[in-house]
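Coming up is one lone chain in structure tokens, specifically the form predicted alone.
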């Protein structure tokens, strides 16, 4: 079975919707800026990829993550023709930190909020009438886990339509934790660059409306892409270090479920955090998966512009991949000036956009989280006529 994406919504430091975000990616425009949320004197790192919606520098307010999630879900639901009524639609939200920042503000500054609002389900019920909501706390692969779980709900006929989403904000405690992880404080996200110093967080939310392909696009009559397969695993190899063998297994499983071979993949949206251990594990896994292919698929890493949006990052990459395949334009991995030897054989896009002459048909999206939580999706571009007419099942499945 395969599934179709009929609605998309997103918010990030580089844009307030899907179109703005993709325009920024194509322009090579980064969301990196001076840290606004809290006292910079307490940290070595001085920058982050924040959404600039606080009332003033250093003045923070609770429930920002919930508001971004509301905007992303509203965009996706409207795009899919669902409007604001999700009373019959399950909503699955992937996250790492949920509303931890609101808890910090309450304990540190006595800023009040209703504890019931810590659960995204409260907002989803009030705003959209959503009665069936779920939070998936699977670290940085959380939103692709929601994609897999949403596809399962459709396969089981538990729903005709699902909304899968991801959201995360930067908290003072996690910023401080990461500030002590690296020998030098990161100044930007530089995936696969010899001068990388580590990961910097980004903020944002993203949502996608998913339906069974056999049922057609529904009220919106629009199809953005076809999800061919999603694979997830959890190796528990290490609390934070990724395992290349487990990542390789997840990629192979995603290809098997999608009914594709490595040679069929045109584009890889890299996890690409700019940390030595992640870069090494991902490059090793992809070196194994795409061994013998020359040239390799095109590859790019958008965290260099969005920062690491954690629980939202997988679907952020998926939404970007849909626009890449639609436009035929691949954004660069910015700040990648001197690639490490491990990626010497990869067709990494850097220095500017690339527009291949051949169409980009299939994209692989990588997403790997702490604890060995790995998720990989394979997404296919749909033909122009499919944007206007219901589609028929074909190809592989989950």
Partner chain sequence: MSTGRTACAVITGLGAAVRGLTGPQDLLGPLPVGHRDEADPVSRLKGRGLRYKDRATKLGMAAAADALRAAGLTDDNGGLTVPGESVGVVASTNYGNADTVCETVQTIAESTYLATSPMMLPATSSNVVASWVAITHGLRGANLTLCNGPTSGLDAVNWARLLIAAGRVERVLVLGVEPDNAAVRHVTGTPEAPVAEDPAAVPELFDGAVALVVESAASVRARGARHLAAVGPYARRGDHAEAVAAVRSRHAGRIGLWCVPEHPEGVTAPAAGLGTGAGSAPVHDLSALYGPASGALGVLQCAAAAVWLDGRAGGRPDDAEAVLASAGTGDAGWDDASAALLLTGPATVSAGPGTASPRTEAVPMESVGGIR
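Quick caveat: nothing in here was measured; it's all calculated off a predicted structure. Residue numbers count along the first chain shown, from 1.
Note that the form predicted together with its partner chain isn't included here; everything after this is about it.
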- Query: Quick one: is residue 145 in contact with its partner chain in the model of the complex, heavy atoms, 4.5 Å cut-off?
  - Reply: yes
- So in the model of the complex, does any heavy atom of residue 294 sit within 4.5 Å of its partner chain? no
- Just to confirm, residue 355 within 4.5 Å of its partner chain in the model of the complex by heavy atoms? no
- Item | its partner chain contact at residue 115 in the model of the complex, heavy atom, 4.5 Å | yes
- Message: Based on heavy atom distances of 4.5 Å or less, which listed stretch (284-292, 76-84, 219-227, 105-113) is in contact with its partner chain in the model of the complex?
- Response: 105-113
- Note on the structure: in the model of the complex, the residue from 280, 160, 264, 187 with a non-hydrogen atom within 4.5 Å of its partner chain is 160
- Item | Members of 108-139 lying within 4.5 angstroms of its partner chain, judged by heavy atom, in the model of the complex | 108, 115, 118, 119, 121, 122, 125, 131, 132, 133, 134, 135, 136, 137, 138, 139
